[in-house]
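Only one chain is included here, represented as structure tokens and corresponding to the form predicted alone.
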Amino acid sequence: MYGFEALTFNIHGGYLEAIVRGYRSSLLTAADYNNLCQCESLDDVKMHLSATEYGPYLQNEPSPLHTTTIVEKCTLKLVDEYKHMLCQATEPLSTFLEYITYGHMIDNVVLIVTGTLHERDVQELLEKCHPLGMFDSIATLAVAQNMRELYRLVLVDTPLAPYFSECITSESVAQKVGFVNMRCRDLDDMNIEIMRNTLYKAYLEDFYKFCQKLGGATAEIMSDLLSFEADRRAINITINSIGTELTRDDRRRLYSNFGLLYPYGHEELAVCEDTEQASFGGWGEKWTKMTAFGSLVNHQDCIGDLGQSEVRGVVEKYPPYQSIFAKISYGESQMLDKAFYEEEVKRLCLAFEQQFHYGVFFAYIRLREQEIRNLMWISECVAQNQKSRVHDSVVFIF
């Protein structure tokens, strides 16, 4: 608690803070997940969810159900709650809530650009976009012939305009990510991922500065949450760029300029280049799973023996992250993503331990998104009769 927040916060933010704490109480518990993991079919999943807040959204869905249907309806509940909070919010909370959706906007833009590159139908791509990241001109993204037109014709009037503008004005980065005189057909998956991470860097830094301006408990809590996100992205960028043509300087430019690893950890991560020493076997064993809106993405099923990993050696110098890598035993293959999600959930739940701050809104949205990822994984395992793996990626919130 800082200053006199307790005296003035409830004037404009008290009602919505009470609302979001009520929403939090409806999150699924460990008992709910244990029951869901025992389901034999997606109809059983629907029957159990009918007793929760998801019931009204699934009650009219006919059999046979599909995983995408369950995930879309659960996401619709999150969108309805978000829109209700946004309609009731005043400044600066309304701007804070809008910042939360910018990450989804970036993902949607990248999805449309990637789909257009591979000659996918625009309407099909729009159906796979996250509802929280939609904007009016998103359907016209496929019209742009290069990234400058993408900015000038489509994105200039969106909240993402400053982030694209920052990339375009940086000539060295622009040439790398394809902003200068490069048509969409010349873009490859590598360049598109660099574009995504460049935009995310600008977004996270902007969001971080905004929270610092708000001050008080909001600045303290959001600083911790955003710093963790920035550090996680830095670690993932390092792991996924080992063995690629990305240079040390290019990799370093993709790291956000804040976080616990900034700046010395970033300098060490940028020079991790030995694939064998990092023990990730290049890209490691990969598997594909269905995202919330049906698009296929690659995830590392295992990260191999991290005992000799340069990345692990760098990160373990920072005590808050030692517990994450401690879960990954020497010579044991586990998902690094799950370890990060578990740590993130722990930090998000702690945000509710304080009052009179905006961090609870960010924490709730992220917790609900994690819950939807859990439901997607459980539903896919049930649908594909892979119940032995159902606990592999479920992150318990309570």
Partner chain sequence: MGIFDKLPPMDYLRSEKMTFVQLIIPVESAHRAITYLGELGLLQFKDLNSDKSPFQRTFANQVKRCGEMSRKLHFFRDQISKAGLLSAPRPALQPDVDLEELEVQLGEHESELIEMNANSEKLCQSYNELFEFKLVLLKAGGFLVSAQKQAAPRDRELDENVYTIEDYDDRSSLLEQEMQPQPSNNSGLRFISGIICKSKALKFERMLFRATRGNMFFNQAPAEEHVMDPVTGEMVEKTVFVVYFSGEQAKSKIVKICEAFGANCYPVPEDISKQRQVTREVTTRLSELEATLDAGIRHRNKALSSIGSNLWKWTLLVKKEKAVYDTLNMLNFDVTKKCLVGEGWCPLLSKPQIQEALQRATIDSNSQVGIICHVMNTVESPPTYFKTNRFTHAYQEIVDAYGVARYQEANPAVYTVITFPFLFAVMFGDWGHGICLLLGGLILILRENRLGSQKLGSFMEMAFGGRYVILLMALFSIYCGLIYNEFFSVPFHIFGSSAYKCHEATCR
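Positions refer to the first chain, counted from 1. For clarity, every value in this text was computed on a predicted model and none was experimentally measured.
A second form of this protein, the form predicted in complex with its partner chain, is not displayed here; the remarks below concern that form.
- Out of the listed residues 140, 90, 257, 247, 140 is the one that sits within 4.5 Å of its partner chain in the predicted complex by at least one heavy atom.
- Residue in contact with its partner chain in the predicted complex (any heavy atom within 4.5 Å), chosen from 355, 35, 52, 69: 35.
- Interface residue remark: residue 30 is not counted as part of the site for its partner chain in the predicted complex, having no heavy atom within 4.5 Å.
- For residue 149, a non-hydrogen atom is located within 4.5 Å of its partner chain in the predicted complex, even though that partner is not displayed.
- By the criterion of a heavy atom within 4.5 Å, residue 98 is excluded from the residues contacting its partner chain in the predicted complex.
- Remark: residue 322 does not count among the residues lining its partner chain in the predicted complex, judged by a heavy atom distance of 4.5 Å or less.
- Picking from 248-256, 151-159, 210-218, 101-109 the stretch near its partner chain in the predicted complex, with a 4.5 Å limit on heavy atoms, gives 151-159.
- Contacts of stretch 51-68 with its partner chain in the predicted complex, defined by any heavy atom lying within 4.5 Å, are made by 59, 60, 61, 62, 63, listed in sequence order.
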